[in-house]
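Below, in structure tokens: the form predicted on its own, a single chain.
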């Protein structure tokens, strides 16, 4: 019978011991590794998927003890799924949210307050204004990821053809109306003003600054029947009757048109530059010669307003990995790599940081568009009244706006109908 020599047996024992120790170490390392689930729509959209996947890979490389499992969910579906998962006790560790969805999630009582993790140094890095509107019951429930306020974009070539000063966009509603009339007369095939008036929650968010500059607040007591709201509705009707707006288009449908010089003024977010340049292949230098952006023309209030349409990040109280979740949130929102390779490159949005973390990023942010949004438009952002009443209220209000721009029903009657449908 074949027998191993004593030396061979010893070698086999040593080898098996080393193998066992290696397997034990590997198992221990695997046990120590944290897997975070990240619910987001960035990975669900072709335009942003490469960017978010690269940032996730970079984070995992810097944090080998954390693995990110991205759960791609469409923007239109994510809020409903998150609420259902939170109620069933199975939320993701981190989620991308925006607008009214942030507050609706906070209402579940299952969003982990960021205050418990936000250190003084990180708080000092972000703009104080970027944290506004992200608190619930005195607790910070979300962290700003990207910032995307709206401004009045203008096509300088269209303005020049209309006999307008392309370097002097309108500053008041009266000036705007005169400019729209000049565009309509000189270029009948051009939409003078791109404004989303469709019946959806985003349209109310987009129109909120226009209501605000007229002094209107339809959610206030009897606010839909106030004189200010009626003046806003009358102005909207005037825009439609004179052919200054195209009521049937969503905001995204105006974007390729302004890239083709078919829209004179467009109420849109900071991301518009990227859309235009991807459509007409303009260089940065040519873009800044051709397009500009300014604050909203002021109405009766005498003040311009804007809305903030950026994205936030939340974590959940049922998560077993909250420290790791916060590390990931902080990386996405504040790291130089994520800022350069996602926020600026793919979202084409502003960063929540008070100042750029590197000289290279500071140079990238030093453009006419980013400077206009950061220095002039961001200070005009006004809070939108998010909460459980917002979504159904948006349907009632925007239905009234549509009646104003497409029909002949008396404005008083439209205002009364909005008020009745709001239930106050």
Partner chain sequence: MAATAAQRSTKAPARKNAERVPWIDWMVLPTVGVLAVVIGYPVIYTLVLSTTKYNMLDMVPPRYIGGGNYEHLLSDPIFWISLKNTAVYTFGSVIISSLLGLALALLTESLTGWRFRSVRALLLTPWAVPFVVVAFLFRYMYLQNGGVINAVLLDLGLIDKPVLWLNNSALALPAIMAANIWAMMPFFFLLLSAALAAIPNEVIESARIDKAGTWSMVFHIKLPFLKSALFISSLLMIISNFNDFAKIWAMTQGGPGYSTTTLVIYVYRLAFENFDFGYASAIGVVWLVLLLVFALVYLRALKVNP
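Keep in mind that what you see is a predicted model, and the values were worked out from it rather than measured. Positions refer to the first chain, counted from 1.
Quick note: we don't show the form predicted together with the partner chain, though the next part is all about it.
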item: Contact check for 60, 320 and 322 against the partner chain in the predicted bound form, heavy atom at 4.5 Å; value: no
item: Among 101-109, 117-125, 163-171, 267-275, the region lying within 4.5 Å of the partner chain in the predicted bound form by heavy atom distance; value: 101-109
item: Listed residue (215, 297, 113, 247) with a non-hydrogen atom within 4.5 angstroms of the partner chain in the predicted bound form; value: 247
item: Residue (of 129, 280, 199, 341) lying close to the partner chain in the predicted bound form, criterion heavy atoms within 4.5 Å; value: 199
item: Residue contact check: residue 379 to the partner chain in the predicted bound form, 4.5 Å heavy atom; value: no
item: The partner chain contact in the predicted bound form: residue 34, any heavy atom under 4.5 Å; value: no
item: Exercise: residue 407 in contact with the partner chain in the predicted bound form, heavy atom 4.5 Å; value: yes
item: is_contact(residue 391, the partner chain) in the predicted bound form, heavy atom dist at most 4.5 Å; value: yes
item: Within 71-101, the residues that have a heavy atom no more than 4.5 Å from the partner chain in the predicted bound form; value: 77, 79, 80, 83, 84, 86, 87
